[in-house]
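Given next, in C-alpha cells, is a single chain: the form predicted on its own.
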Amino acid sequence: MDSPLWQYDEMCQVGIDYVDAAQVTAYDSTESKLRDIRNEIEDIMNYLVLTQYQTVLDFGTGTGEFAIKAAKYCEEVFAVDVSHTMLEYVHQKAKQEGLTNIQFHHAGFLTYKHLGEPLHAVVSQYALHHLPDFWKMIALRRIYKMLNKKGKFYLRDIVYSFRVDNYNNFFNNLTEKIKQSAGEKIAQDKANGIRNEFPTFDWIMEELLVKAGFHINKADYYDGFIAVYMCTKKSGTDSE
C-alpha cells in the first residue's frame, strides 16, 4: 500500500548512499574508526537478556551486526532497513552463519507493518535521527504498539546534550576530531549529517519517549551528541 502524500518520505536517504554496494561493504570498517561496535552490541544484549522463545525487531539494521548476534539467542529477528543493498548484505551474512530465523523487510519506522505476535523487544541504533521530531513521535508510538506488555525498547542515537550557545565550537571540534581519527572523507560525511539530518535535544528525546508511553529505565549521554535509552513499555497509556 502506498503511503499518503503528506507522510514523510523515509525511503529517501540523506547523506551517504547505501544503495552503493561499495559503501555498504565499507560500512563496518568505517564505523569501527568512530565506535566500538562490539561493545555496543554487548550492551544491548545485556539489557534485553534474550531467550530462545523471544522475538526482536531491529530498525535500521544496517550491516546486521546486532541482528546476527541476536538471532543466535532468540526465536526470531525482524531486520528492517530502507536500503535494499544493506538488507541483501545482511542476508548473505546470515546464510554464511547458517541462520534461518531472520526476516528481512525493506521498510522504515513509518512504513514497516508488523503482522506477527507482539514483540518482546525493539532495537534502533543511529536511525531515528533521520526523521524530523514530529515523525520521531509517530515512529515511537508505532514501536510502542508493536511491543508486548512490558516489552523493551533500546535506542542508541545522535542526540545533542551539549550547551547550545557553544554549538559553533562544538561542531568544529567534533568534525576536526573525526578528521584526525577517521580521515577527511568521513569528517565531510559527518558534517553533511549535521547539516541535513534531524538530531534533537536530550530533553526533547526524553519527552518524546515518555509521551509515546515508555518508561526510561536508564539514559546515558556521551560526548555531547550520543545518547542511549533503555526503556520499558508502560501499559495503560494514551498510545495504546
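Keep in mind the model is a prediction, meaning the values are calculated, not measured. Numbering starts at 1 and runs along the sequence shown.
The same protein also has a form predicted together with a small molecule, omitted here; what follows describes it.
60 is the sole member of 193, 199, 213, 60 with a non-hydrogen atom within 4.5 Å of the small molecule in the predicted bound form.
Checking 159, 90, 122, 82 for any heavy atom within 4.5 Å of the small molecule in the predicted bound form turns up a single hit: 82. Only one of 159-167, 68-76, 104-112, 142-150 places residue heavy atoms within 4.5 angstroms of the small molecule in the predicted bound form, namely 104-112.
Taken together, the three residues 13, 86 and 126 all lie with some non-hydrogen atom within 4.5 angstroms of the small molecule in the predicted bound form. In the predicted bound form, residue 33 stays away from the small molecule, with no heavy atom inside 4.5 Å. Using a 4.5 angstroms threshold between heavy atoms, residue 99 stays clear of the small molecule in the predicted bound form.
When the small molecule is considered in the predicted bound form, residue 131 lines it closely, a heavy atom lying within 4.5 Å.
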